[in-house]
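Single chain ahead, written as structure tokens, the form predicted alone.
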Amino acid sequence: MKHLATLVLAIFLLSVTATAGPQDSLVGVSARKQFEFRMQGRQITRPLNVRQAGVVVGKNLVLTASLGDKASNVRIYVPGTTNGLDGEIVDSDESFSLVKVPDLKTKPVVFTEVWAAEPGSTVTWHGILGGRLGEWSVVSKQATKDAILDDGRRIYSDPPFRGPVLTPGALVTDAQGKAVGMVILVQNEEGAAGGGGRGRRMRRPGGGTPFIRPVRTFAHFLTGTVMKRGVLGVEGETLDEQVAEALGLKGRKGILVTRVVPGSGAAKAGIEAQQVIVKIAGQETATAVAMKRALRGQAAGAKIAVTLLGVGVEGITERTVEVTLTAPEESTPEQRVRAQRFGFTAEPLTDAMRRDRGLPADTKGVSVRRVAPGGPAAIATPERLRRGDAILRVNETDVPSVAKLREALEKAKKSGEITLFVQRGTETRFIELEAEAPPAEPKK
């Protein structure tokens, strides 16, 4: 029976992978991802290995379910192979990540943006079965119950979310076989329940509820280049009852603006601190989650309506302004330093980075963008270099800019060793690295 079951599974896999279509652009994705979850009342952060699907969306570009900003060991697997290709995350949001894979030759998928998704719509999931048969394979299953509606919040519940088909990042096609969306997990606050042995229930990381995301929620990734997602350019917090009463807005809900980024779309539209955002694009924004949802899928340059509350001499006023979304403060590839022999990549340290990482506003240095797994920076002493660290000094040389870091690294090549003076949040520390040996000269 065991051999018969294996034969039946092999025939099934051959049948689903032999069919030409959008699933030909599906690949496997593996990575080591940072999970935050609660276990027995404690908040835990732990790197864990994940396997999921991805879709080729442009030359050397793979779109997959979100890996976050701290994923490492990203590998891409073409179905029917066992050897993966190195990938690097180039853009990411709460639902998706875009991975660049220099050696990838698979053709991109073409999504259709017109999809009349109604309950009972026929959809087909194209997921990934990885490792069990020694190679990555595409598996597919058709179902018709509870397809998505509107912004993707309708749960797809037939069949239940288990097995190899409904993997995060799975491709979804309509009844005509056209690519219309992808599967993502909406993370549960405390993870998903898992067996703890002897009837005990525990929480495991990675849990969540599966949703189909239609193409409009990730259209900004589908141009063959990295498109910057749009942001309002404000910092804020959920308006609680006490603050609302103090501001004369008792009973009102929204996002209290605490800071407006200079030069942003919000600043140009006249939004100011102490105002309250109550709607974005007609959607109520009573919480930070609702605000993120209203901005999901919006690219930099898009114009969006923002409704504000304020208190003046005439009492509570409400007005709607048009905001042109801007891109987050990020560096371009030309601005980065790739210290290959030392195993890290650095980029300019921006005001947004200082703010988000709790660094003093006058911190002068460069930011660590990536640490190569297994490289010198990853095994440095007395502790490893981390993504997001601010490098202030290399040996005895201050490095307030990428250009200064490049000069300092050139000087350090002769000795093959460097000492980094690093700031991480409010703490500073020294980290010592020893460069990898340069590649051997080819014999003549």
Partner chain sequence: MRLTAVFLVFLAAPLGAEDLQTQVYRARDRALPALVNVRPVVDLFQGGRRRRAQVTGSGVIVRADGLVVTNFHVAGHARKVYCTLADKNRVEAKLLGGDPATDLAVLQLDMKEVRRIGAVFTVASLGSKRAVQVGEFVLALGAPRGLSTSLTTGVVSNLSRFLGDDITLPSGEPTGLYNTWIQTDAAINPGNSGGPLVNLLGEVIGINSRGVQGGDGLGFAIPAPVVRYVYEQIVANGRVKRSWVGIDRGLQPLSFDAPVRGVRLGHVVPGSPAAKAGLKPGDIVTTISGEKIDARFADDIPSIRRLVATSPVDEPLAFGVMRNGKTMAIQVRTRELTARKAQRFDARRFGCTVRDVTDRFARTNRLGDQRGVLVTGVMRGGPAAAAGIRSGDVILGFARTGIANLDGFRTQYEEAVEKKTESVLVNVWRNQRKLFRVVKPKLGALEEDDE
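Numbering follows the first chain given and starts at 1. Just so we're clear, the structure is a prediction, and the values are computed from it rather than from any experiment.
The same protein has a further form, the form predicted in complex with its partner chain, not shown here; the description that follows concerns it.
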(request) Consider the chain as shown here, without its partner, and state which of 247, 269, 299, 215 has a heavy atom within 4.5 Å of its partner chain in the model of the complex. (result) 247
(request) Go through 348, 233, 236, 79 and name the one with a heavy atom inside 4.5 Å of its partner chain in the model of the complex. (result) 236
(message) Taking its partner chain in the model of the complex, would 291, 324 and 384 all count as contacting it (heavy atom within 4.5 Å)?
(response) no
(request) Please run the contact check for residue 185 against its partner chain in the model of the complex: heavy atoms, 4.5 angstroms, yes or no? (result) no
(message) Test of understanding: in the model of the complex, would residue 282 fall inside 4.5 Å of its partner chain by heavy atoms?
(response) no
(message) Is residue 396 near its partner chain? Define near as a heavy atom within 4.5 Å, in the model of the complex.
(response) yes
(request) Flag residue 311 as yes or no: does it have a non-hydrogen atom within 4.5 angstroms of any non-hydrogen atom of its partner chain in the model of the complex? (result) yes
(request) Just one of 170-178, 255-263, 299-307, 103-111 has residues with a heavy atom within 4.5 Å of its partner chain in the model of the complex, so point it out. (result) 255-263
(request) Using the arrangement in the model of the complex, list in sequence order the residues of 397-427 with any heavy atom within 4.5 angstroms of its partner chain. (result) 417, 419, 421, 426, 427
